[in-house]
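Only one chain comes next, encoded as structure tokens, the form predicted on its own.
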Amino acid sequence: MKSREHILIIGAGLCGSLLALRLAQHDYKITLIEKRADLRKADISAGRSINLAFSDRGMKGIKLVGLEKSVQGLCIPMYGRMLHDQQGEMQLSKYSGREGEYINSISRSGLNALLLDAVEKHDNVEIHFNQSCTDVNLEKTSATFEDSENQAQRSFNADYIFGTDGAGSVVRKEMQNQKNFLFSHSQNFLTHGYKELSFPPSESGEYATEKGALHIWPRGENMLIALPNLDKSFTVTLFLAYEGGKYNFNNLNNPEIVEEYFKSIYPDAYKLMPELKTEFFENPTAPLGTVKCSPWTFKNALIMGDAAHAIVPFYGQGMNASFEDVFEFDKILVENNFDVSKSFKVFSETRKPDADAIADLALDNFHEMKSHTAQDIFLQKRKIELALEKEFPKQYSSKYSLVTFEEQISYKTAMDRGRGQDKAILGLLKNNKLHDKQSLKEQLELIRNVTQQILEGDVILEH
């Protein structure tokens, strides 16, 4: 095989590292450049990244590069949502009624390091860290970088550029600056931000609470979540409005009110947080936003991952969607006989509807997690769905299962079908047309019939 084109990848996070590895396996010459320090040598993530939920769509990308066994060693299975009420009572809501379906808690830095180690084994790859991109010339397919340690400037030319440089993408901004390029872009922020905290291991060195679940403290407009780590700690994330209500990020401005807030709103979590007052003021508060844009390609450049479609974290699909990007691009590249330019265009056109779908679903799940998970009608719906998945594993999948475990279907299909099913079940429950006297088969047929009517536009039930 002759050596293929030179590709410059800007951004060596999760998406960029996986992409570099796959393209290196295809014998492209790769230059991978990252503005931050090498995370394998410097701790750069404390308090700055939401812990990752790793599931089937992400595993597709990992299997593509042959790293599934290595990645499994970083995973902690989570079988459902552990809901905590204000009295400290817990209730597990399983993710699936089928056996063997679960999501995983995984270390962002651990996964990124594993990918970088694999990339470095390829002779056709060079990686540069501490290089901040100061200019991208899309006409000439080149970019200029400044070394953060000595301020030295360096330019790179390539045949193609990939922008995998995150939600604040320099490559995307340069596309937006093109005067004769019809580029649509939106960036919308929630009224909420997030702050990372932690549960340390217990005094006996064990997990402080159940490790096999994603813990949620739903409190109407705000919430707390916790995911387990391999070192027996939990990464805890507070999602809170910046203003409004009795407590918000703007008025939690001294240790006393922070302690008062957690004691009264999250009492059982508070007992597991000995460093709360220190972590709360040392760790940053960060915004939550969604980026949508189109098209994703201009000249010989393509944006991918968060650079093209950053989403809020409430479906646990941000990293999974980025890894699926790599999988889908690879499939298109092979189908088009390694014609990179053609693959850029096809990928931009075909992947966009799925990126928009998971962005919308993540916003839906934000409202569901902070409020609806604790409502009786939601719990009734989940009970029915779990029973149907257990009894009819090949005939029924909830919206969550369609998104998380049915990786063979698109996000757009999962969204449309899942929303239809949700509307059908909630409407039937509201109108007392689903009840315990029916067999599960009768319930399944009723739900499927009403869902089909909803999808065809003939809505017969209010929701």
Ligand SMILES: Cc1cc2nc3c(=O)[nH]c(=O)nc-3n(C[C@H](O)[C@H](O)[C@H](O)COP(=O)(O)OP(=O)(O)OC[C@H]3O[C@@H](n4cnc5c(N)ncnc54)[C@H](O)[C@@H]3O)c2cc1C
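Note that residue numbering follows the sequence shown and begins at 1. These figures come from a predicted structure and were not determined experimentally.
Not pictured, yet referred to below: the form predicted in complex with the named molecule.
Which among 163-171, 356-364, 262-270, 339-347 is in contact with the named molecule in the predicted bound form, heavy atoms within 4.5 angstroms?
-> Answer to the contact question: 163-171.
Select from the listed residues Pro313, Gly80, Gly110, Pro295 the one whose heavy atoms reach within 4.5 Å of the named molecule in the predicted bound form.
-> Flagged contact: Pro313.
Met319, Leu197, Ile384, Leu240: which sits within 4.5 Å of the named molecule in the predicted bound form by any heavy atom?
-> Of Met319, Leu197, Ile384, Leu240, the residue with a heavy atom within 4.5 Å of the named molecule in the predicted bound form is Met319.
Determine whether any heavy atom of Ile10 comes within 4.5 Å of a heavy atom of the named molecule in the predicted bound form, and answer yes or no.
-> Close contact exists here: in the predicted bound form, Ile10 approaches the named molecule to within 4.5 Å, heavy atoms only.
Answer yes if any heavy atom of Cys133 is within 4.5 Å of a heavy atom of the named molecule in the predicted bound form; otherwise answer no.
-> It does: once the named molecule is placed as it appears in the predicted bound form, Cys133 has a heavy atom within 4.5 Å of it.
Can you check whether Leu14 is within 4.5 Å of the named molecule in the predicted bound form, heavy atom basis?
-> Leu14: yes, in contact with the named molecule in the predicted bound form.
Determine whether any heavy atom of Asp306 comes within 4.5 Å of a heavy atom of the named molecule in the predicted bound form, and answer yes or no.
-> Asp306: yes, in contact with the named molecule in the predicted bound form.
Quick one: which residues from 52-66 get a non-hydrogen atom within 4.5 Å of the named molecule in the predicted bound form?
-> The stretch touches the partner through Leu52, Ala53.
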